[in-house]
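The form predicted on its own is given below as one chain in structure tokens.
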């Protein structure tokens, strides 16, 4: 805490585009009251200071190399609260697509003849390395959800996340189902909270907020079957944002067998 009782907040970035942090900057422009309630001591996108004394850490980006683990553990040891900021930190996001290919091939495709210069391994969410206290899903995050999460944390509460699918929000907005107009949508198995923004503007959900708890896979297969599709045929859609989660669920299923 600062001498005036304000909690100190820091933002960190790992493998990501930093779009979620830019969304934070955007949201704070219309919620100046939050800036009065906290002291930001580290935030590369907004300030040049790099204070190491903080209570709340927002981490954007996935863990993609061995060196990331030590840095993550250092942040966890300092912070009382760690928040996974956005899909890269939450699910490893599009970074995990490289997990679908042999690592040596990926290194060669990206770095060419300098492949051995760079440390890298399979992309993972930060929760695979450290304990995470709260999550703000999405690619990028929803600016209003960020504000709600921060307010909850300042009140000492665990920020709630919707445990129902995007389809619920679509129905509330009276959207036409994407499957009914010949498009694909991951809304039936994706966590709500975005206001069904993609379907509302005519695009099917791509699943950037991760799966809902205990997604009904059989119901999703029925929806796909009605549309003349199969999970196998559209697996690229499932793995765009959720390669790590799909792989983890598959491994868990194999262990149970």
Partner chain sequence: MTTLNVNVHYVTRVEGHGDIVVDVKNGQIKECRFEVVEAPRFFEAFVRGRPYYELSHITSRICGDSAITSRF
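Numbering follows the first chain given and starts at 1. Quick caveat, the model's predicted, so the values are computed rather than measured. Basically, rigid core = biggest C-alpha set you can superpose within 1.5 Å across the two forms.
The following text describes the form predicted together with the partner chain, which does not appear among the structures shown.
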{"query": "4.5 Å heavy atom contact, residue 124 and the partner chain in the model of the complex", "finding": "no"}
{"query": "Residue 71: touches the partner chain in the model of the complex, heavy atom cutoff 4.5 angstroms", "finding": "yes"}
{"query": "Partner contact for residue 24 in the model of the complex: the partner chain, 4.5 angstroms, heavy atom", "finding": "no"}
{"query": "4.5 angstroms heavy atom contact with the partner chain in the model of the complex for residue 101", "finding": "yes"}
{"query": "Contact assignment for the partner chain in the model of the complex, among 176, 172, 110, 152, heavy atom within 4.5 Å", "finding": "110"}
{"query": "Listed residue that, although the partner chain is not shown, lies within 4.5 Å of it in the model of the complex (heavy atoms), from 79, 134, 161, 97", "finding": "97"}
{"query": "All of 180, 195 and 218 with a heavy atom within 4.5 Å of the partner chain in the model of the complex", "finding": "no"}
{"query": "The partner chain in the model of the complex: contacting segment from 126-134, 161-169, 144-152, 113-121, heavy atom within 4.5 Å", "finding": "113-121"}
{"query": "Residues in 172-206 close to the partner chain in the model of the complex, defined by a heavy atom within 4.5 Å, in order", "finding": "203, 206"}
{"query": "Shift of residue 233 between the shown form and the other one at or above 2 Å (CA, core fit)", "finding": "yes"}
